[in-house]
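Read the single chain below, which is given as structure tokens and is the form predicted alone.
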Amino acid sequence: MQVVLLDKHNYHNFQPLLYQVSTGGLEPDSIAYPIRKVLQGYPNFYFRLAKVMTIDTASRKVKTNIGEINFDYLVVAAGSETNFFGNENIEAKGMAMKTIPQSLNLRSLILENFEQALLTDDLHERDALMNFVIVGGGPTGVELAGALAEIKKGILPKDYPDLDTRRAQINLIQSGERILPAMSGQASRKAEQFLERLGVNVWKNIRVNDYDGNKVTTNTETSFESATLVWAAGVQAVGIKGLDAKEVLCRGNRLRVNQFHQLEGFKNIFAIGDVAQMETEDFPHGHPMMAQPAIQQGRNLGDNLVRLIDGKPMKPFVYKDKGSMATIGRNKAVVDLPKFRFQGVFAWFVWMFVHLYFLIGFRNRVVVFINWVYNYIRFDREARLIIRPYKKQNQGLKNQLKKGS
């Protein structure tokens, strides 16, 4: 028996901490782990660095950029990507934060904006360079807004004493009535209070319509002039050619599967994680596109594949909701557990413990823990480095400002 894992990256990255890479709290190697090291010690397990081009279900072949691979059983766990909902301008000129390269790009852009703000004599341009717009009030948007607010408060005045960093603005825009809509109303209200205390401008019931690289337009009269728009307003499953028939494709490119993770109409093709939509009475639109459902599905399917090979009946998947949480900053977090809900300092320690626990690799846990302790004591973020400069693919900001005025 052979098990072959295909991925276009040779590492696994811990996505919940990408925002800390973007804001200089962590270096990317502390939240990434080599796939080959994960697989050490597993017999008959092989990894190939490859990009899947298409899947031929009839001939049971996966076609990649390194050749074709035959399969008896296929598991699709391609994950998700940023969903721009068809807005090409926002996709081209906004910033996503779904991968390590994207997080490094965002970190460089944030720091470059402040460096450029020092050099311009145009107050209008300077304000736009220091005005950040985050679209999406889910955990990603809330955590990024909180981290930026802490940078504005504790780091920028020391790094840029000759720049009036008080004029920097962090705007969090949510299209719905409250932030963290997937969590309890209590957690949502407390998170908003935490953000407002940090100086974040929370905008609700506003939908962003367009972004030209400088001006953010909405469905209301409110608009924002900003050199940085971060899009955290949604995700969609990664599409795969060959598995795009109407019978299996659901909203957001997700693949419809049964309670055993089998793709609609197939006995030997399975899908798990963000890419899979298992419709149940409790989850009519599929399970949440988060880590816990994916982890539990992976374990269930792994056991079922062994049972299938041994000729035993498979066990249906039952999701156990272990709760959700989000951190807003130093000593500020919200936690919703199945039986308990709490906020503040204790929630913050719980959030840190859970995230350290799920990091892969002892070294990564130690490095992240030491960084967090150091940042807490010194109120600093040492990784604010422009390792690779990032240039937005649009005309100069000053020219855009002149055209807009």
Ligand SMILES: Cc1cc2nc3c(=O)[nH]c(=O)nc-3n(C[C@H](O)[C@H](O)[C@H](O)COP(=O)(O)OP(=O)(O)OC[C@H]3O[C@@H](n4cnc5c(N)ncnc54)[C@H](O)[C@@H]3O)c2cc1C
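Predicted, not measured: the structure shown is a model, and the values here were computed from it. Throughout, we count residues from 1 along the sequence that is shown.
Omitted from view is the form predicted together with this ligand, to which the following refers.
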Can you work out whether this ligand is within 4.5 angstroms of a heavy atom in all three of 58, 263 and 314 in the model of the complex?
no
Contact between residue 146 and this ligand in the model of the complex at 4.5 Å, heavy atoms?
no
Is residue 355 close to this ligand in the model of the complex, meaning a heavy atom pair under 4.5 Å apart or at it?
yes
Though only this chain appears here, would residue 292 touch this ligand in the model of the complex if you measure heavy atom gaps against 4.5 Å?
yes
According to a 4.5 angstroms non-hydrogen atom cut-off, is residue 238 in contact with this ligand in the model of the complex?
yes
Counting only non-hydrogen atoms, which stretch in 335 to 343, 25 to 33, 44 to 52, 375 to 383 is within 4.5 Å of this ligand in the model of the complex?
44 to 52
As a check of understanding, the residue in 215, 256, 98, 178 with any heavy atom within 4.5 Å of this ligand in the model of the complex should be identified as 98
Using heavy atoms only and a 4.5 Å cut-off, determine which of 110, 90, 272, 128 is in contact with this ligand in the model of the complex.
272
If we check this ligand in the model of the complex, which of the residues in 134 to 159 reach within 4.5 angstroms of it by a non-hydrogen atom?
140
